[in-house]
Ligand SMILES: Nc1ncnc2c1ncn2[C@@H]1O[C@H](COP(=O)(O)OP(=O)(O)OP(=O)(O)O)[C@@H](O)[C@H]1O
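Just one chain is shown here, as structure tokens, and it is the form predicted on its own.
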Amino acid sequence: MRKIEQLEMAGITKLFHGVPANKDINLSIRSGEILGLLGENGAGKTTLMNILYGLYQPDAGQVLINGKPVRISSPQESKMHGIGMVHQHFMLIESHSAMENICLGYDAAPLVFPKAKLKRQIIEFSRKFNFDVDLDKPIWQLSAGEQQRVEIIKALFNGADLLILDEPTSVLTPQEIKELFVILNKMKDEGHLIILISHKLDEIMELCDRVTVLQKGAIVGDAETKDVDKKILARMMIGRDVIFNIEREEIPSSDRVLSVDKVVVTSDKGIPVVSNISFDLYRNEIFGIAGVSGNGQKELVEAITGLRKIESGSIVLDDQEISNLSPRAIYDKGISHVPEERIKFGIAPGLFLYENAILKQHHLKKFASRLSLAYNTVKDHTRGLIESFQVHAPGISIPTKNLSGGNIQKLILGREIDDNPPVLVASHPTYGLDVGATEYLRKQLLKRRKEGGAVLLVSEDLEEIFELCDRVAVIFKGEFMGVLKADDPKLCDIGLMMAGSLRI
């Protein structure tokens, strides 16, 4: 296999059900270069890279490596040509060790004592790029950053010259992002070709040499990053200027709607992960919980929404005790939930749009009789929902998994707030979304606040926390290190609080 010096995608076109996902795409990258692939959710970025990786076949166009046309009909052929891909949702077997995952599909495994020899090779290889992973640990025990490093090692160990990274920072902590950038720059210096799919303008500007911008499946811009800024790129992406700092209107909070008192929650292993947390939530308020992933915020949200039992304490909604009620009972009493993992917990991917638009509501009289669903009513409701919340979809009778992540998130948010619930619990609502979808969803949360709703916002995005929240709680190892108003100057120490070094 000859090393990749240059790769081109020429005239690539791909249709799904007659709808173009890619239209006459021309793209190139050279050795020692990082190319950013930027665009809104649904712009066709991942489809284009899935073609390059052999998961899809183009309807027109070709791929050229070092000037010669190649046919890539499967990921195995892609690997043979020196192309590797790290997907946004990692393709790892959680019960297997890191080393076992790296070795899966490795063609050059020795016949005699393969495990010991391969482990030595992988350790030597990892040191070259300063990867730090416990190879003997099962995947489920590794952090997101460690799992991502396993994916990168796996691709490079299998001989990848060109590495495709799909939204690589969406589940990483700030420290893990810094470590990833160091690794990618070292790979670039070694002559690797890297294509970075991202919605994050800051990381495109920091990391990439060039950027190609897609809009509705077509290239609308191509530039060297030194010649553009964030506003120019955002305008290319969505065809208009984006408001990067949304104004939060000053509104006094109203009546208390939710009270969490000395709540204790344990993990799946029976270990306490939420320790005596107490707070109140008021109407006309967005209350933010900031913290590094894995400090108990996920379990706290699950306790409030009925997905996890609490060991002690109480949760009261409008003077009604709701502790340890079922998720449906809690939803019916007025707590809606935008979950952290939208595909896994927010929708049923194989169901049609109109079916997902009434999840958790299908039992209500407006959508169902005793014997069947009122399909005409359901479909009319769905059409109104996708129009009101700007969900871009070719129709309501398509599988929801065919939508982009941003449009799925809009559908979920619309479904959850359509009936004006007293409380909305939103976990990482804009994670992985482009700037246009992020701007829209943040405005919807502020609109809900203005209408008298109470929003509990859990996010690792400090910009989002500061932009939207009236009060901010910082969580560390299952405890609040402090609860501060958004304009409190002590919030400048939020980094120390998130690290557990300061309690206020």
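Remember, it's a predicted structure, so these values are computed and weren't measured experimentally. Note that residue numbering begins at 1 and tracks the sequence as displayed.
There is another form of the same protein, the form predicted together with the ligand; it is not shown, and what comes next is about it.
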Open item on the list: If the cut-off is 4.5 angstroms on heavy atoms, which of these, Gln361, Gln88, Asn276, Ser143, is the one near the ligand in the model of the complex?
Closed with: Gln88
Task: Candidate from Thr212, Ser404, Gln148, Ser323 lying within 4.5 Å of the ligand in the model of the complex - any heavy atom - done: Ser404
Open item on the list: So in the model of the complex, is the ligand close enough to Glu40 to count as touching (4.5 Å, heavy atoms)?
Closed with: yes
Open item on the list: Please tell me whether any heavy atom belonging to Glu176 falls inside 4.5 Å of a heavy atom of the ligand, as the geometry stands in the model of the complex.
Closed with: no
- [ ] Using the partner position in the model of the complex, report whether Met481 sits within 4.5 Å of the ligand, counting heavy atoms only.
- [x] no
Open item on the list: Even though the partner isn't displayed, in the model of the complex is Ser459 close enough to the ligand, meaning a heavy atom within 4.5 Å?
Closed with: no
Open item on the list: Among the candidate stretches 65 to 73, 471 to 479, 43 to 51, 438 to 446, which one is within 4.5 Å of the ligand in the model of the complex when only heavy atoms are counted?
Closed with: 43 to 51
- [ ] Check each residue of 197 to 229 against the ligand in the model of the complex and list those with a heavy atom within 4.5 Å, in sequence order.
- [x] His199
